[in-house]
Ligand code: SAH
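The chain below stands alone and is given as structure tokens, in the form predicted alone.
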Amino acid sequence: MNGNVILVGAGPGDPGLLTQKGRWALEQAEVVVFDRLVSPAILALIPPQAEAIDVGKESSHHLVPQEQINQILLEKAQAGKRVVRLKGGDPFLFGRGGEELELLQAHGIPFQVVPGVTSALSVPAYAGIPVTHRDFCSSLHIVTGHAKAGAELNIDFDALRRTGGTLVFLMGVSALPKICRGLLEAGMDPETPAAVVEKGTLPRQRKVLSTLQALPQAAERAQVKSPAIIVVGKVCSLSDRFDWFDSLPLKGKEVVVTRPADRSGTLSERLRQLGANVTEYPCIRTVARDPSPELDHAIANLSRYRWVVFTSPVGPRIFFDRLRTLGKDARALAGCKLAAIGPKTASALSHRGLTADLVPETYDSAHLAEAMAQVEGPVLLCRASQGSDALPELFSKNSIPFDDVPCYDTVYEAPNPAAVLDLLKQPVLVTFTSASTVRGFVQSLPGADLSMVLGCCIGRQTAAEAKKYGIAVVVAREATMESLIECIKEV
């Protein structure tokens, strides 16, 4: 039985511009065939079990010829797979999407098309250029600046000049001198505002503003490279006034996020919204202990505890999963008070209909220990097997009976050290949200020069761990994601 193909436009690069329908298609895919212009943040959404096939193409060099790409789509669909063909921008705007569908249609393969946000509109918007403005123009014209191999540009420059509208040229960097010369020879004013925008919508976006006559030389001085788009028209004069992207507080900063993959999304997304170039580098992973006889014994004897303490949002999830496995539910906690190390952990409890009785004002183990200095035991401490010593030491010192039960282990892993090693050659911010993320980061890069790293730490215990390895640190005022982000903004 045949599968199907969904042609998905990935947009210009910013993962926030991938449509909801495009994301849904990616999440369901068994095979993803993708191009060079699809950003790493969007490629990260490909399901780990899916087959990912890179057919990336760039100017004058095709990794996989178009005819072979068409054949790959056909063969994978004929094998019964759910195939996503992931293309930069919009698949039907100079994306050769129609060519790819012809072979599928001829063989009776079901297909769908999910349009993408085109760079022709989004990249100028990120450069502060509205492609239409009633004071300047009443039309927009999108033109390919790319010719077939061995052929000359086939553009009616005289017709474009007569429109008086904004002109956007896609895939035209290598042909920029010819494009500008063609417009000038057609009689366009040499002083017409013009721009070229490189890596549009991405944190490394650069723009060059000039005039039609001087743009080729200005782009050459700036060493502009593909991918980039060219905009010609009076609307380019608005760029400095309307440039919101370059004024973002973290524009151009490199930030590595080391949180576990299942918890990195919120921090990474917030940093991207502030303009940072985020590299997700999950250095640790939490794994529930299974079997877990110590936890099973504690759950069987919950009635003896006065307090149950959770030191991360992972704890409640694993605890309640185990509770259900043993045929129990939240009623087993009747008579117990609940302590949470911070609001995220308290929120994990509230999702299960429970309210934390104690949350310290400062969200770390030391302050949780201080807040519990006078509680009555016994206390059940549910946490990682490699947890801080602050709570056990305080309970022992104050003669508070407790059971320290490891619910999960922290596993150190190195997803792609090569990508981070390249970043370490320049100043880079690395976020650390626990001492274990510090250890995972350092262990994944044995012998690496960390002198260019500034560790942005969520608490003093995390900062102390980073200092052991010679990493310069800044510390958030509070142990929250919001405070950590503010700390990064102030660097």
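Numbering starts at 1 and runs along the sequence shown. As the structure is a computational prediction, the values presented were derived from the model and not from experiment.
FYI, the form predicted together with this ligand isn't displayed, but the following is about it.
A.B. asks: Given that this ligand is left out here, which of G233, G89, G342, G315 has a heavy atom within 4.5 Å of it in the model of the complex?
C.D. replies: Checking each option against this ligand in the model of the complex, the one that comes within 4.5 Å is G89.
A.B. asks: Work out which of K81, K253, K199, R259 lies within 4.5 Å of this ligand in the model of the complex, going by heavy atoms.
C.D. replies: For this set of options, the contacting one is K199.
A.B. asks: Can you tell me which of 169-177, 326-334, 156-164, 400-408 lies within 4.5 Å of this ligand in the model of the complex, counting heavy atoms only?
C.D. replies: Looking at the other structure, the answer is 169-177.
A.B. asks: Taking the shortest heavy atom distance, is N277 within 4.5 Å of this ligand in the model of the complex?
C.D. replies: Contact check for N277: no, nothing within 4.5 Å of this ligand in the model of the complex.
A.B. asks: Is P227 close enough to touch this ligand in the model of the complex, meaning at least one heavy atom pair within 4.5 Å?
C.D. replies: Judged by the heavy-atom cut-off of 4.5 Å, P227 is in contact with this ligand in the model of the complex.
A.B. asks: Spell out, yes or no, whether the shortest heavy atom distance between F111 and this ligand in the model of the complex is within 4.5 Å.
C.D. replies: Outside the cut-off, so no.
A.B. asks: So in the model of the complex, is this ligand close enough to L37 to count as touching (4.5 Å, heavy atoms)?
C.D. replies: Yes, L37 lies within 4.5 Å of this ligand in the model of the complex.
A.B. asks: Which residues from 84-118 come close to this ligand in the model of the complex, meaning a heavy atom within 4.5 Å?
C.D. replies: Counting only heavy atoms within 4.5 Å of this ligand in the model of the complex, the contacting residues of 84-118 are G88, G89, D90, L93, F94, G95, T118.
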